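Quick heads-up: it's one chain on its own, the form predicted on its own, in structure tokens.
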């Protein structure tokens, strides 16, 4: 269970998050949505334990996140940033293996690394340098590292993992995240593709200007009326879920 209680965070004088309160049980995919600059990345970094809030707290399985021992947190909480980068030259296999540095079982680590490589379809690339890959291939590599890192009932925090992916790769990642949730993980993922949110998530957390303005199921939160109000685009909800219709506003001279 992840609990976020009255969480606030600021960069200098700029308030990025204001009294965020939300919770979710394991086994779910939570989609974090909102306009650019709404605080999604900051909240994900706080959930991953990479930033410390100015007020409030985050508990994971009843323990304060910042009080988890580093090795325990490394096994239970995995994070994928919006812009994957690597400062040293590693192969795909070596990069993914970094996700298991906290594990004491070599046999288990080899199994988890192999599973992550297979889930992301990286078998043919595992001996290639990370720096030689396309942006989409690099994205799949860092996702595979996170999949290898977390335990089956752990916490995955992903910031725009579908960026740079073609439709086939998007569905591969989509299926992997659903598989993790069914196995007992909690997946919290920042997303802009609201039609995909409708398909992948059980719960939506909607941020605006650093505040949580709505939580609930996709049909309850992502209503066409609310979306048009925020994004100035028309959306339809039908048998196939949420779809983008036509733009409401136009440029005039």
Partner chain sequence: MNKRQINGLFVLAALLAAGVIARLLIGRDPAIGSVNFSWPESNILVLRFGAVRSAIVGGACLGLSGLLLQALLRNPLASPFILGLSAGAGLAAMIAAWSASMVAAGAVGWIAFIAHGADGVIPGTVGSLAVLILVYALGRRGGRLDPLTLVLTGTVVATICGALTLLVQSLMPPSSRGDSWMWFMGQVPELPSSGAMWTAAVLLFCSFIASFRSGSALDAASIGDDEAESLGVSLRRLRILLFLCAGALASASVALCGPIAFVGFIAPHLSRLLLGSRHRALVPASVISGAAILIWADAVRQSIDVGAGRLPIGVLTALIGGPVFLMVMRSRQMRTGAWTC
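Numbering follows the first chain given and starts at 1. This is a predicted model, so every value here is computed, not measured.
This next part talks about the form predicted in complex with the partner chain, which is not shown.
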Check residue 55 for me: does it contact the partner chain in the predicted complex (non-hydrogen atoms, 4.5 angstroms)?
no
Just to confirm, residue 112 within 4.5 Å of the partner chain in the predicted complex by heavy atoms?
no
Using a 4.5 angstroms cut-off on non-hydrogen atoms, would residue 74 count as touching the partner chain in the predicted complex?
yes
I'd like to check something about residue 154: if you look in the predicted complex, is any of its heavy atoms closer than or equal to 4.5 Å to a heavy atom of the partner chain?
no
Only one of 92, 80, 120, 180 has a non-hydrogen atom within 4.5 angstroms of the partner chain in the predicted complex; which is it?
80
Look at the stretches 23 to 31, 209 to 217, 42 to 50, 56 to 64 and give the one with heavy atoms within 4.5 Å of the partner chain in the predicted complex.
42 to 50
Sequence order please: the residues of 80 to 101 with a heavy atom within 4.5 Å of the partner chain in the predicted complex.
80, 81, 84, 85, 86, 87, 88, 89, 90, 94, 95, 98, 99, 101
